[in-house]
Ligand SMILES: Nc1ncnc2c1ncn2[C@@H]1O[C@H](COP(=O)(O)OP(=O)(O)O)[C@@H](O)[C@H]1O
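Given next, in structure tokens, is a single chain: the form predicted alone.
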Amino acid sequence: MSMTFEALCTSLESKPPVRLQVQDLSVTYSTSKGPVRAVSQINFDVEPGTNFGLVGESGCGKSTVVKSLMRLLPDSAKVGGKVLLDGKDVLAMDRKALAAVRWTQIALVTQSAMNSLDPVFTVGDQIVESIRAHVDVSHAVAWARAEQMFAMVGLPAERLREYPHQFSGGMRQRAVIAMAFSLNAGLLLADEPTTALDPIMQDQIMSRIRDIQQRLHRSMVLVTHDIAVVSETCETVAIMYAGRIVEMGPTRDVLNKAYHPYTMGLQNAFPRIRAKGESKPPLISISGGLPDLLHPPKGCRFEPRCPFSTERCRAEDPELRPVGTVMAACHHIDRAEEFRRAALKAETWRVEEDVQ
């Protein structure tokens, strides 16, 4: 006998948040030119009911990490390590076990809402289908749940009968969030959830996600290139560069007292609120681009762009090691204070080509 709407809501609300442990996660893509080491030895934990931010520029491997957590990577990807949800390894599950975990324990909000919705079905039918695929409820009960989730994300229930192309970009993103939360998964993966939206809509979407997270007490991995979003949303943050985590720790500590030059450079690229009487700080970009992961550098992967690099950086790959409350992968952690002061100056980041 299928559940009533009240029984469904009670069952979903009683679900605990999920603990995520990522251990030595590596992803290598097979290409015609050779193996591309997109992600190398990633380790992090997300405690139940907390938010974890994964930050870095485009191409650094953030989305690859997130998709690997749900095993959504193509067949050309070879994935190693462990992804533990409450102690159970997602990477070792068979198809049946994996299908039972997706959307019920771990759900995904992608960065392209239009591509994640089927254009030939109404949005409501798609949410109902995802609910009924995992829970024994009638169409009416699943539809009532969809209406409830639409109300939570600020959309009128009547829009459930419309198709994705009838929604604006912001509305589609809200609909995808409603679908992701429809089964109250213990862990939400939010992969650049505000990409391609205007700043006002970005703020509204992130406010909705934060409100739902607090109300339902869920865990979340937020993937973004925007440090400001992470500072408002996540207790812990990891900074990624060229497939590796280069700095990780409590968000406030990482952003207020960075130890890795790449983190310092990222902070310079985002506007900061000025103190009273302070002149407007310039936005400073990091010269150069990500290294070729077909042939990654022998030493530190950030060395070709780092204004503080030394011969040791070119020869030896630094390990992620603890310093205070954070972890950083830099050979010169003891000079971090000196680097922070120099990193605030635009001329520090100019490479020779720029100067000439």
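Residue numbers here begin at 1 and follow the sequence given. Keep in mind the model is a prediction, meaning the values are calculated, not measured.
FYI, the form predicted together with the ligand isn't displayed, but the following is about it.
- The ligand is not drawn, but in the predicted bound form it has no heavy atom within 4.5 Å of D45.
- Using a 4.5 angstroms threshold between heavy atoms, G61 counts as touching the ligand in the predicted bound form.
- Among residues of the shown chain, P119 is not one whose heavy atoms approach the ligand to within 4.5 Å in the predicted bound form.
- Taking the partner from elsewhere, P74 is found to have a heavy atom lying within 4.5 Å of the ligand in the predicted bound form.
- The contact with the ligand in the predicted bound form, taken as any heavy atom within 4.5 Å, belongs to L293 out of L69, L293, V326, L320.
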